[in-house]
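Before any questions on how it binds or moves, here is one chain, the form predicted alone, in structure tokens.
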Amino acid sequence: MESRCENCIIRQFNSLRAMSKEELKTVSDSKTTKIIKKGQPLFEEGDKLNGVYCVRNGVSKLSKLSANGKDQIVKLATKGEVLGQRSVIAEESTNLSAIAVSDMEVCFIPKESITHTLQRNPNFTLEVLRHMAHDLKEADDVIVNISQKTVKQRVAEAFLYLRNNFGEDKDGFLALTLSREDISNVVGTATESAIRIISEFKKKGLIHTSGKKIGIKDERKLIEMVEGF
């Protein structure tokens, strides 16, 4: 299961690709590989992290607890993402929780390996900045979506996002199965509302379901709905 960072293709997706051979070797010697089971946290909101997590396999939901006790899922992080970068670099406690929504394999990289390279390798620093800027842009999009789109539009968009990013299984269902509660937390609504909208979509022939599984039946209609037609 252990694999060397130098030979790992996952790093092409993140800031580690800007590291030199020697830096990668240092990271590789210090990292540990962990298996995180579905439903288990990598870290909880408010934790002090002493390193970052590089996702080798699986998916994690990054969420923030709101004042009313409901989780808002800000992002679904998948293969290649580095989690905890912001809090490690800012030396702050984590602003989000990261919980596995499928079984995960992650590499934990101690803080020292990251901060040491930041101070010495400007290319790495630039890559980290780029990734953080991208995360900020995504967060902006989430805010605009929640404030300007209806709940139905956001549910439709969530299904299209899940299909485009995680694909479908052989039976035509979304490959990443989220609970109804997680779907409601992605779109920022009450679980009951999400359930109601899902059955309405099903009646209209936009989606088909089997237990927890959801599949897209009429992509064109969903896209039109998202675009406000």
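Residue positions are given as counts along the sequence shown, with the first one as 1. Treat the numbers as computed from the prediction; the structure is a model and nothing was measured.
In what follows, reference is made to the form predicted in complex with a further copy of the same chain, a form of this protein that is not presented.
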Is the gap between Lys202 and a further copy of the same chain in the predicted complex 4.5 Å or less for some heavy atom pair? no
Taking heavy atoms only, is Gly51 within 4.5 angstroms of a further copy of the same chain in the predicted complex?
no
(message) Since only the chain is shown here, I'm wondering whether Gly188 would be in contact with a further copy of the same chain in the predicted complex (any heavy atom pair within 4.5 Å).
(response) yes
_With a cut-off of 4.5 Å between heavy atoms, is Arg196 one of the residues that contacts a further copy of the same chain in the predicted complex?_
no
Exactly one listed stretch (100 to 108, 76 to 84, 129 to 137, 155 to 163) reaches within 4.5 angstroms of a further copy of the same chain in the predicted complex by non-hydrogen atoms, and it is 129 to 137
When a further copy of the same chain is considered in the predicted complex, the residues of 105 to 126 having a heavy atom within 4.5 Å of it are Leu118, Gln119, Arg120, Pro122, Thr125, Leu126
